[in-house]
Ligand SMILES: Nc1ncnc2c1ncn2[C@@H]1O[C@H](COP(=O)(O)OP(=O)(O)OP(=O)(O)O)[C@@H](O)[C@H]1O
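Given as C-alpha cells, the chain that follows is alone and in the form predicted on its own.
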C-alpha cells in the first residue's frame, strides 16, 4: 500500500518514480557501478528494492543503515553476518552453493551459508570472484546492492572502497548499486574529489532523487487515502509543511489511517522526536549542532549571521569551530549549502526539530 511506512518492494505500491526506475533498470543492464543519492526520506530504498524486483537479476542486498542502527557499528562480524543471510536467500532461489563450497572460510549446510569473519576466514574478493564465475557460467549478472553505503566508512580497517574498485575493474558480471542519504559522507567514501581514493575516476552512473512537487504530493496523499478507504482531511497545510518528502508524507498518511486522525502539529512533534533519535545515532549529537540548526531555522542563513546567533548560546565560537560544525551538518544532510554560500535546512521536520527541541 502507498502508506506502508516500510520501503516499497512492489512496483504497484511505488509512486511517481517511473523515470528514475527506468533509468536505474537501464543502468543495471549497461553499467557496473550505480549510485542513488539524495537526502533522507526521498524513497531511495524503495527505488532500489523495486528495481531489484523488476530487473529479474539475482541479487544480494545489504541494508547498512539497519546494521548500524541495530548494533551501533558496521563491524566486520555484523557485515559478514548480514551477507551470510543474503547469500543464503540467494542460494535457496538459484542454488549456486557449488561455486562457494571451495572458498576458504565458507560453511554450507543445505541452503544455509555462513561466512567466517575472522582474519583468516572468508575473503570478500574470493566470494565476489565465485559469484562472478557463477554469473558468467549462466550468462547472467548479479547485483550487489548496498543501501546507505556511506556506513562502510565506519567498518573498521578494511578498505571497502578499494575492494569495490578491484571488483569493478576485474569482475565483469557483477553490478554494484549503492544508495546514500548522507550525500557528503557518501562522496567521501566514493572519493569523488580525491585522486588518492581507490574509487576515484571509476565511472559511476549517478541517479539523483528529488522531492515531489506540490501537485504530486497532493495527489500521492489523495491516492493513499482512497486506497485505504478513508476520507481525507484538508491536505493543503500538510503538503506545504512536509515539502515534498515522500517518506514524511507516507508516515503522515499511515498515522492518520491508523489512528483516525493526525493533527499536523502533533504529527510534526512525533516525527521530530524520531528525527532527533536518528540524529543522536548518526552525529553523536551535541548542543552545538542543535544551536547551529536552530540559528538557521530562525532565519540566520549566512555564515556571519549563524556565528552571531550561535555565539549568544555557546559563547564566543571560533571561525574554525563553526566551519567544522557547518561542514559536518552539510555532509550528513542536515544542512544544504546554496550556491550563494548561504545555508538552509532541506528537511522540514529537521527544521521543526531545531526550533522546538
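What you see is a predicted model, and the numbers here were worked out from it, not measured in a lab. Residue numbers count along the first chain shown, from 1.
Not pictured, yet referred to below: the form predicted together with the named molecule.
The stretch from 294-302, 320-328, 22-30, 35-43 that comes within 4.5 Å of the named molecule in the model of the complex, counting heavy atoms only, is 35-43.
For the chain shown alone, residue 224 is not a contact residue for the named molecule in the model of the complex, no non-hydrogen atom being within 4.5 angstroms. By the criterion of a heavy atom within 4.5 Å, residue 74 is excluded from the residues contacting the named molecule in the model of the complex. Although the partner is absent here, residue 343 is not a contact residue: none of its heavy atoms lies within 4.5 angstroms of the named molecule in the model of the complex. Using a 4.5 angstroms limit between non-hydrogen atoms, residue 354 is distant from the named molecule in the model of the complex. Contacts between stretch 227-262 and the named molecule, counted in the model of the complex as any heavy atom lying within 4.5 Å, involve 246, 247, 250, listed in sequence order.
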